[in-house]
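The form predicted alone is given below as one chain in structure tokens.
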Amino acid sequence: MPEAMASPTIKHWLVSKLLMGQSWRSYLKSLLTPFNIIAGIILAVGLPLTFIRFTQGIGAVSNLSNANPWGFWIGVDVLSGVALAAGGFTTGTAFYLFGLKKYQPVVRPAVLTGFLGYFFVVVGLCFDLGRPWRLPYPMLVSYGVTSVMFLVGWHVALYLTVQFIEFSPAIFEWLGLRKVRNWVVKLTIGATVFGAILSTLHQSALGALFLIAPTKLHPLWYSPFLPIFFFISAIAGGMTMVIFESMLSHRIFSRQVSPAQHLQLQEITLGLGKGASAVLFTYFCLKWIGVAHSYSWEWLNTPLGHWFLLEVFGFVLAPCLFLFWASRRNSVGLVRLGAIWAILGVILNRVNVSMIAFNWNQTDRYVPRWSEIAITITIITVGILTFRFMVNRMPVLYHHPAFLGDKNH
């Protein structure tokens, strides 16, 4: 009798939780959308490349070498991914620690974006490492406490755990586990404090990785202030990523968001735009302090110097002023445009530091292979699909009606 009752119970759980109340046939039919077709094509290219990577070696799908061990995957998947995932850290700190309650509607989506961002950064690292199975080696076997990589490895692993704790109330609300959910909520403040400390350290530590390569990184990008540059720009990247993510979420999942929340998001977007503008201006000033400190003025009138000026003026100062002007005009649409501009600037900086300005004086210059780019697009696509899967099922953009009176709502 218990076995006879178990089957309908499991079937009901699958239908209600995973299939969103639809039958298998209806659910599979609902998946036939233009976006899913494009995603399917991307996966059809990326998954075979993934198989080749892990069966034939890293050289089968990339142009990485001993002379150029860091390339597209580090610049985009890791350095850019970690910076743009800082939205969870910035909004969580603003809401839980600084008491800025108006940002509550964007906290869970930002934390989920941050959690998935860090998770897929680790996935990207598995592609980049020659021996990916040794990823936990610095944490479990060889404690190289004097290594920056040891610091980054521990902090990313711990922060991934922290973000899971911060997001887990939504998971337990979805599963209807009230007691477990309430217990986890009590950990939120402590987890946020710990997460703020970890984010400050590992964002800056990623910049510190390049301090050991003063002869390999171009003088305009090399600076003893690199850890500060990476941390400040990550704050700007995180804030603008929250603007971008919330814009897409409120359009794609509009049925989950009330008209009042749409209006509230406009105020939040303007506030984040003002904050991002201030952070970008700080970052712009610090970049020139770095140039002055290193006496690198002579390099400005060179081809790479012109590229540096384009980055600093075209993708730091320009979006900074644009966001300030758009915020003063109370134009939500223009603030969102400025946020996209700033996000591109953060990505450009990370690519410059890790690829274009790295090994700048070598004759054997690294150029990514098409398969490297295809694998990165595949990882991003899987991340987007995972985000959509979770938002469609869990109370991320809305309050779960059964938990409205509970703490943290």
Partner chain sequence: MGNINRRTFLKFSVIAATLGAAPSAKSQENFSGWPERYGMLTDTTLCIGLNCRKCEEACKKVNNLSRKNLNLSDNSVFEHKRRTDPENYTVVNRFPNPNKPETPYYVKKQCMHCDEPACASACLVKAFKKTPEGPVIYNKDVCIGCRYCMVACPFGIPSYDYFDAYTPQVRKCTMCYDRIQQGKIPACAEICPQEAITFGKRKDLIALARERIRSHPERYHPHIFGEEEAGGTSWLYLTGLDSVQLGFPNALAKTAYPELTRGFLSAVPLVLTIWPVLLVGLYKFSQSRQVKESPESTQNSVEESHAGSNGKPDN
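Positions refer to the first chain, counted from 1. In this text the structure is predicted, and so the values were computed from the model without any measurement.
Form predicted together with the partner chain: not shown, discussed below.
Participant: Which of these stretches, 321 to 329, 150 to 158, 306 to 314, 113 to 121, has heavy atoms within 4.5 Å of the partner chain in the predicted complex?
Facilitator: Going by heavy atoms within 4.5 Å, the stretch is 150 to 158.
Participant: Tell me, which of 209, 291, 165, 232 has a heavy atom within 4.5 angstroms of the partner chain in the predicted complex?
Facilitator: Answer to the contact question: 209.
Participant: Name the residue from 35, 54, 370, 27 that puts a heavy atom within 4.5 Å of the partner chain in the predicted complex.
Facilitator: By the 4.5 Å criterion, the partner-contacting residue is 54.
Participant: Does the partner chain get within 4.5 angstroms of any non-hydrogen atom of residue 141 in the predicted complex?
Facilitator: Contact check for residue 141: yes, within 4.5 Å of the partner chain in the predicted complex.
Participant: Does residue 247 reach the partner chain in the predicted complex, with heavy atoms at most 4.5 Å apart?
Facilitator: No, no contact at 4.5 Å.
Participant: Is residue 173 part of the interface with the partner chain in the predicted complex - any heavy atom within 4.5 Å?
Facilitator: Flag for residue 173 set to no.
Participant: Quick one: is residue 189 in contact with the partner chain in the predicted complex, heavy atoms, 4.5 Å cut-off?
Facilitator: The answer is yes: residue 189 has a heavy atom within 4.5 Å of the partner chain.
Participant: Would you mind checking 58 to 85 for residues with a heavy atom within 4.5 Å of the partner chain in the predicted complex?
Facilitator: 58, 59, 60, 64, 65, 66, 67, 68, 69, 70, in sequence order.
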